[in-house]
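As a starting point, one isolated chain is supplied in structure tokens, in the form predicted on its own.
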Amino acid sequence: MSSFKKYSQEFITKNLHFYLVDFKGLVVDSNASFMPRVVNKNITSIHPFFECFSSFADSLEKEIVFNCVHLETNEKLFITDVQFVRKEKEVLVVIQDFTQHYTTYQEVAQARNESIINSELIVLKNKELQEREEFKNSFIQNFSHELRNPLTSIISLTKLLAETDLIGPQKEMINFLLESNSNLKLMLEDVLSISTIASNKLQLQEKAFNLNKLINLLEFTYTAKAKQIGVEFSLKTIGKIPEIVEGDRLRLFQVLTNLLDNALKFTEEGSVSLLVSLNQTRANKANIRFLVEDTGIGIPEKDQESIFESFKQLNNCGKTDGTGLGLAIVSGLLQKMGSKIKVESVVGKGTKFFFDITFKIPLKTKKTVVSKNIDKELLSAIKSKNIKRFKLLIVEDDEQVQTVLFKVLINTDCFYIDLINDGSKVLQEVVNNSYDLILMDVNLPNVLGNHVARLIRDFPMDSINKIPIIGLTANVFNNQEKGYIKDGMNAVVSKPFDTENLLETILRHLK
């Protein structure tokens, strides 16, 4: 035999082992490969697997193959394919070693399965986090919605009570209630702001506003607040700050008041200051820095990122009042406004919060004054009976809010009032009576208020379809209010409402 044939034969047969057995299972011959070389012994002595031979030996016509058979010999395990091939007087048993092949395949399959499992776990984890976030936001929205009706009653009735004849101690208690109500309302708005930011429903209102007036308002407000707790407040501007800019005034005010309130809360002595400085102006845009600094307790470096998380309060600050939402709202609002809050702090010495915002500078500004006061001339004319009183239809199912609305409106001596609590009865009332205005809750039983508004607008008689409708709602998302206006409401007042704002809105649409 040539060397090439010899070597190739060794290579070909190195993972093959052969047994030649008779039909009774006696080994006639065997090669010397990876299995034991056995002759003149029953094949069952090699491994228990071969016990199966007797069951098909007589009936074997051509061949039979068993795949992935585990054969252990001399404490070594082989993963093999075993083939029984019928010959003239014997059966050739061919054992092929696929240990490496099956092991590699198993490792690949296991790795693939682990990868699939890990991917599915990540998907499940993300889904779980998403469901938790959706539940949290839904809970916050529903919870704040349910709070608005009782809060409306508390605030409005407290204001009505404040206008009555009270003795000294009673006035002090009422003033305390008014302040507490104001704080509670701000907390509710903060909770709702977090919900709208997290659910990506917050929409900025980019309009021209007087930045100088906003700064002056903050100076007046926080000078008084700081004085009450024995802290000094100062406000300084650097550079030529534009008087009129375009941006979301309400959200900027919310950011600054949260930062200033936070600074006052953690400053027991010393000072709190607000610095407004012009960074640069270019192409009708002004980049302005707002910096709030205090001499309070400071924030440890390890906590300077986590303080911007929702409901996060420092455990070692000694202050447990508040919702822990202020800085989270600041961070979320500034991100919406294309900015980012930054913090510098030293424990025991104080903290600086600052951010930069770019405002558009209007090329032409129209000086318009929007008054939020009640039209005193109109009220005076109604009370002196120079013009008729107006007839209002109030549609509200909450008894406490009914009481508040009735008392607020009756006390003006300006209105005659009808009251119903069911949306399905509105059309019947407006057909049978003549009304100057409808004040209607959105969330009514049987038929929603905005659906009623749509029906009224589609009514064929001008005396009915032209009636002004003012909606009352605890659903104060901007897109929802737009939907109510689209349905036919002339204006929407959110709960808890301010009495003056409600009356001003009513009188404005009556004119």
Partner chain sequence: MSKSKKIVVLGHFGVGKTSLIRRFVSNSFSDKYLVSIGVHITKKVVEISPTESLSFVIWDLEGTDEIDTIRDAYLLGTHGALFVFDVSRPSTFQNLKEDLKIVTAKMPKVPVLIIGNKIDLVVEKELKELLKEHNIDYNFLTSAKTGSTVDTAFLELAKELNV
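Keep in mind that what you see is a predicted model, and the values were worked out from it rather than measured. Residue numbers count along the first chain shown, from 1.
One more form of this protein, predicted in complex with its partner chain, exists but is not displayed; see below.
- Across the options 482-490, 26-34, 49-57, 448-456, residues that bring heavy atoms within 4.5 Å of its partner chain in the predicted complex belong to 49-57.
- For the candidate set Leu129, Leu121, Ile229, Val431, a heavy atom within 4.5 Å of its partner chain in the predicted complex is found for exactly one residue, namely Leu121.
- Only one of the listed residues (Ile470, Val69, Val38, Ile464) places a non-hydrogen atom within 4.5 angstroms of its partner chain in the predicted complex, and that residue is Val69.
- In the predicted complex, its partner chain stays beyond 4.5 Å of every heavy atom belonging to Glu301.
- Proximity of Arg282 to its partner chain in the predicted complex: non-hydrogen atoms within 4.5 Å are absent; the residue sits far from the partner.
- Taking the partner from the other structure, its partner chain in the predicted complex has no heavy atom within 4.5 Å of any heavy atom of Tyr435.
- The closest non-hydrogen atom of Phe354 lies beyond 4.5 Å of its partner chain in the predicted complex.
- Here the marked residues Val65, Tyr102 and Arg112 all reach its partner chain in the predicted complex, each with a heavy atom within 4.5 angstroms.
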